[in-house]
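Take a look at this single chain in C-alpha cells; it is the form predicted on its own.
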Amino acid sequence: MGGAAALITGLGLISAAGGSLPATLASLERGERRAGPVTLFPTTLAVPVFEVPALPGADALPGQRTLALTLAALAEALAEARLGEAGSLRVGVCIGTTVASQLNDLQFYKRYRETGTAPLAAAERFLKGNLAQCVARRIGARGPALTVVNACSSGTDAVGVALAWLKGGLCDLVIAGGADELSHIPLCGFHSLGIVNPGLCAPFDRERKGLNLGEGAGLLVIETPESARRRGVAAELSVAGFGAQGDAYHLTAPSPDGVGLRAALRTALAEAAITPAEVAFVNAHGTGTHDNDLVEGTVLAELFGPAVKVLSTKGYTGHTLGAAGGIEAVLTAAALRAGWIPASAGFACRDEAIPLAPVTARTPVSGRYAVSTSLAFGGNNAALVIGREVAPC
C-alpha cells in the first residue's frame, strides 16, 4: 500500500443523537440535544446523561450492552461497505473501549461482596465479550483482532492501528472504531473528580462547568485501494494520517503547554503530507471541562490559526469515553462528505483565555481534509486526518 491513504468504504454510528448515521446527522442539523436522567442503573446523582433510548439486540445480550452498541454500528457500516462476511479477504478488527474491557462485570462483584460467593456466568460473559474478537467471529475475519483500552483516546487509537495494519500489508480491510456503554463506575468516578456538569455541557464556553457522559459506538470500514477495487466498491473518503503522543504529565489532567496534543497533530499532518492550511475544520475533543478546552483550544489556534472552523459534537452525544474517537471519526468523515458541520452545541460566551471559538450555527465547509482529536487520561493524545477526494471541475 505504501504511503497511500486507506479508503473508508463504510460508516456506522449509534448514540443518543440517533440510531444511525443519517438519523444522527438530521438530529445534529436540527440542533437537538437528547439528554436526560440516568435510567439504565440506580444512582443518586441527578445529572444529565446521553443514553441510547432504543438499542437493537440489547435483550439478546444481557450484561453486554457495549457489544450490542458495537453490533448496531457494525451492521450499518457493513451495509454501506457492501460487505457481508470476510470471505477470502484478510480482515482485521480493532475496536477501542473502556467499559467493555473492565467495568461490565459489576454483577459478579456486587453479588460476591454481598454474599461471599457468585455464579460464574457474569465472569464468563465478560471473558467472552472481547469486542474485537466478537466482531471477528461474527463476520469470519481471519486477520488480527485487537481491543484497544487507552482511556478516552481508545477509539481514535484503534483507527490509527487499522491504518498501520493496512499500510504494513497485514490486512486488506479493517473494521475499526470505538464503543462504550453508560456505566455506574465512570459516572461516579468523573463526578468524584468534580468535572460532571449538573446541566448540559458547553464545550469551549466561558461558563463551562464540566462534561456529560454518554454512550454509543462508531465504526469505520477501512481498506486498501486494491481491496476496494477488487470488490467493486467506490470511496471518496479516506484515513489520511494518524498521530499519537503521550505527555505523561498527570493521571487526569492534560499538560498545560499542550505538548502531547501538538506533537500528535503534527505527526498526523505529516503522515497525511498536508499543511495545517489544508484542513477545512477540526472536530475537537471538546469535553466542556476547564482544563481540556483551554489546552486544546490554545493548541488548535496555534497550529491552524484562530479563525479555523472548530466544533465539538459532545454537546449532542455526551462524552462516550472509549467510543468517543470512533464516533467523532465517523462524524468527521460524514461532515466532510456532506459539506457542512453543525453548531457546537452549548457554546454561547467566548472565553478570552482561549484564542478561538467554535461555530455557533450550521456551517458550510469545503476542502479535502478534516481533523479529529482525542485527549485522554494518562496523557494520551491522538489525532486523525480524514480525507475526501474532490471531483475535478
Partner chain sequence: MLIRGLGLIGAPGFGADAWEGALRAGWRAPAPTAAGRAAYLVDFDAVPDKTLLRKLRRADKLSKMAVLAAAGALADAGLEPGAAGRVGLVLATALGPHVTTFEFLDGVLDYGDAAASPTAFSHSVHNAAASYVASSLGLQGPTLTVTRFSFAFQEALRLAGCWLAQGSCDHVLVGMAEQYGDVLGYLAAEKLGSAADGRIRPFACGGPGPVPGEGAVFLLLGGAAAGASGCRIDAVHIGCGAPPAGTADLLLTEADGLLPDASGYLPALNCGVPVAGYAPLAGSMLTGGAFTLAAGVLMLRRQVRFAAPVPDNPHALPVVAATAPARLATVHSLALDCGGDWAITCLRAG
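A quick note: this is a predicted structure, and the numbers were derived from the prediction, not measured. Numbering follows the first chain given and starts at 1.
This protein has a second form, the form predicted in complex with the partner chain, left out of what is shown; the following refers to that one.
Using a 4.5 Å heavy atom cutoff, W165, G168 and H184 all lie near the partner chain in the model of the complex. Of the residues T289, T147, S238, T224, just one reaches the partner chain in the model of the complex with a heavy atom at 4.5 Å or closer; this is T147. Not displayed here, the partner chain is approached by D247 to within 4.5 Å at the level of heavy atoms in the model of the complex. Although the partner is absent here, K110 is a contact residue: one of its heavy atoms lies within 4.5 angstroms of the partner chain in the model of the complex. When contacts are judged by a 4.5 Å heavy atom cut-off, L45 counts as touching the partner chain in the model of the complex.
The partner chain in the model of the complex is not approached by A273, whose heavy atoms all lie more than 4.5 angstroms from it. For the partner chain in the model of the complex, the listed stretch (378-386, 365-373, 7-15, 21-29) containing residues with heavy atoms inside 4.5 Å is 378-386.
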